[in-house]
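Take a look at this single chain in structure tokens; it is the form predicted on its own.
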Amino acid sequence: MNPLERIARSPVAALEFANIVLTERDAPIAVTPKDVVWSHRATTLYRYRSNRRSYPVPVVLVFALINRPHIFDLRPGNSFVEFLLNEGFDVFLLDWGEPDEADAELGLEHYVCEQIPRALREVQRASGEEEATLLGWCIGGTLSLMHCAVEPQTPVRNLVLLTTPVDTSGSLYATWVARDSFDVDLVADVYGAVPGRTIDWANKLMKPVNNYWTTYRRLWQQVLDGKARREDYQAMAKWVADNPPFPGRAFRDWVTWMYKENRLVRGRMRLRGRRADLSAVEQNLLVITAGDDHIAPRQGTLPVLDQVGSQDVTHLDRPGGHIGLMAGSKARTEIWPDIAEWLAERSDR
């Protein structure tokens, strides 16, 4: 397109750009059919409908506390859930829901020692199987790892950790919140439930140019060139903007125990009086890191490989960022098949 053509197209492109941005909340996401299996307080366990289940060991998806788990099922054609179902897996989703101020006293122990074990019991009941796979992403991976570290009798056979914080020393987050001047108690006490938008704003400030300028500049260029993918952009933008509150106590626990004191990797994490001993983790373990991950950088995940007691340990490192690794346009061909193959080899009776 020559300069004159670009000038002539600009008014139309501006209207299309504005329409894409202003209607992103109308984008359909997380539409794969599913049924409620169990719920308690804000947490809900779903089971996705399927008539193609061929692997007996069910897969339980666990995401972070600071975003909705819809990223697992972003949109038709770009859905990890849809992919797993087509591969023959029985897929469950643990959704932390929308905590509010009534949930302010829920700490990490609530999720690790209560909700995950309860959900796994319901998975056993619904599937009729004795074992399951826990597949955790971001904080969801850390919670899943903690569960396996404190529950020696857990029914988890396979543990998959996607871009999971384990050793937080030297991370960008630690630079911000581990310093003495960051008063996590004040934040937790003032808010009760820390607003999701506040945490989203802080996350975006980690890469402000990319989040507040580059994303829109890229979309504008794509619109101008007639190459904009409305569905892709809107689905991701809608998910990014949906940030549930973070219960105050859980926020305090997470920042203090994981960033200020770095307890997990140092063997000092205790939940309900039990030590989260990584050497007690004996599940088949798949660890996936992303080369451009600034939220859970590779060096902060790798220590888990040497500390667990697992005999079957696999590490996959791929290009991409914290979210793009699993939800980007190349995920379907570059990482999803590897995960499915790994699971398939460890999901028979």
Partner chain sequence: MEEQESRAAKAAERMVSRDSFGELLAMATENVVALTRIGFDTMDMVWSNLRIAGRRDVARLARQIGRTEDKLELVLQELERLRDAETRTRPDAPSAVDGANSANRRPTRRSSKT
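In this text the structure is predicted, and so the values were computed from the model without any measurement. Residue numbers count along the first chain shown, from 1.
Missing here is the form predicted together with the partner chain; even so, the following discussion is about that form.
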Heavy atom of T175 within 4.5 Å of the partner chain in the predicted bound form: yes
Proximity of E122 to the partner chain in the predicted bound form, heavy atoms at 4.5 Å: yes
Distance check, G77 to the partner chain in the predicted bound form, heavy atom within 4.5 Å: no
In the predicted bound form, K207 touching the partner chain (heavy atom, 4.5 Å): yes
One stretch from 242-250, 142-150, 122-130, 223-231 that, in the predicted bound form, holds residues within 4.5 Å of the partner chain by heavy atom: 122-130
Option touching the partner chain, based on a heavy atom within 4.5 Å in the predicted bound form, out of V81, L271, A104, L264: A104
Heavy atom within 4.5 Å of the partner chain in the predicted bound form - residue from A42, V57, L286, A30: A42
Contacts with the partner chain in the predicted bound form - residues in 156-191 whose heavy atoms fall within 4.5 Å: L172, T175, W176, R179, S181, F182, D183, L186, V187, V190, Y191
